[in-house]
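We begin with a single chain expressed as structure tokens, specifically the form predicted on its own.
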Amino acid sequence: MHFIKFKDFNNLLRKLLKENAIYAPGQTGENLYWQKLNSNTPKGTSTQKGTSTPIPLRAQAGTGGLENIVYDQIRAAGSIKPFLFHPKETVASYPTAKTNKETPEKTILIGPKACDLKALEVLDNIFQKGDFKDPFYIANRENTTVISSDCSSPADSCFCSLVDLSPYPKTGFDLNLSRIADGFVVEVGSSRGQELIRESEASFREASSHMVKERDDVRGEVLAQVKKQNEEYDAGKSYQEILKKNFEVDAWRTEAEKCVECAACVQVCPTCYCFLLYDQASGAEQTAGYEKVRVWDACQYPKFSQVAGGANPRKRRAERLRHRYAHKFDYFLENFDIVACTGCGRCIQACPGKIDMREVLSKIGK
């Protein structure tokens, strides 16, 4: 376990900015959004406003200085998924049959939370393992360093404790920062993280037992807060069991009446990975060609499941809502031995129909 002062960590970031694009949460209104850091921003300058969208799909929401980074508090409004799995990208061009695979810039993400890191485990199973591997995701993953941080101010919508997570990372990071009075307690999670410390060894020292205790006390308080605010939603049994036993209950139809089919829940979800491929013309008239484009898709759209001939196995909203829950807590668990929900609560905050995943599962269970 290591310790680094705030000033020394900022100096480390200035050094890393010379060869890396660095993104970190910055305050925009009431929420945190990913900001691309700019070491030239004067101290005290606020992050740019007016460049962020309410639900940012692109990773880059603005720019900010090092002094504007929000290290702890809550997770950012947008997940880190867009950094690795882009909302829209050209994957191939033809008739040249050229794969548009370029080496992405080296990127460092500062401040992802435990729920974000769990999402990476889900996405890794889809895009990096098995028979079909996604070269775009893999390239982005290999060129991304993750410096996570503890969560100190969870929102009312956060429910990581219900899916066996804690509001502080345990695995999946290169380095993790736990903010204490004088700086950060730093935990190493990979050889890449160890290399970062080795390159700036003079800035780090061994964390004392007092520092570690201060960190653990804060972690305990935040975990207790998350558990307390989710007591009423604790079903006392696994969500997979609830879904298997209540697949045909009328409660699905009742809950789906609030859905407006906007798919905001899917767009902000850090683990949803469905996409659509389409072809379009590209280039000038003299060099006309075509390109294959990939965009995010969503199972909550009415025609998502429609097949040739017009057949649609999930024509009703209730069927689509149920499928989303079953996929998160049953199907994915069956196939990959992990739950595809991280309890981040983003879907709850984004839903204009005020659908709360915790409430739905609780009602279905009853």
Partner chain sequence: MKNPYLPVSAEILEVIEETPNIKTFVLKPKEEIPFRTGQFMELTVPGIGEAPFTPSSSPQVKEKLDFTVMNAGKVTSALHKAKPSDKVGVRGPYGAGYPLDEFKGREVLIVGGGVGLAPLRSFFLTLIEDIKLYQKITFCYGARTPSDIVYKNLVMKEWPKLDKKKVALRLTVDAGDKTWKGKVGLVTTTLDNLKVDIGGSVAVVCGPPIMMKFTTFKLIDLGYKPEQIYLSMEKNMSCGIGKCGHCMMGKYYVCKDGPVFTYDKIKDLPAVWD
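Positions refer to the first chain, counted from 1. Quantities reported herein were computed from a predicted structural model and do not represent experimental measurements.
Just so it is clear, the following notes concern the form predicted together with its partner chain, a form of the same protein that is not shown.
In the model of the complex, its partner chain sits beyond 4.5 Å of every heavy atom of R253.
Interface membership of Q194, defined by any non-hydrogen atom within 4.5 Å of its partner chain in the model of the complex, is ruled out. Put simply, T171 is far from its partner chain in the model of the complex: not one heavy atom of it is within 4.5 Å. Residue contact with its partner chain in the model of the complex: R314 places a heavy atom within 4.5 Å of it. Exactly one listed residue, out of L276, A224, V260, V249, brings a non-hydrogen atom to within 4.5 Å of its partner chain in the model of the complex: L276. The listed set R179, R219, R141, K292 contains one residue whose heavy atoms approach its partner chain in the model of the complex to within 4.5 Å, identified as K292. You can rule out all but one of 231-239, 109-117, 131-139, 203-211: in the model of the complex, only 131-139 has residues with a heavy atom within 4.5 Å of its partner chain.
Scanning 313-342 for heavy atoms within 4.5 Å of its partner chain in the model of the complex gives P313, R314, K315, R322, H323, H327, Y331, E334, N335 in sequence order.
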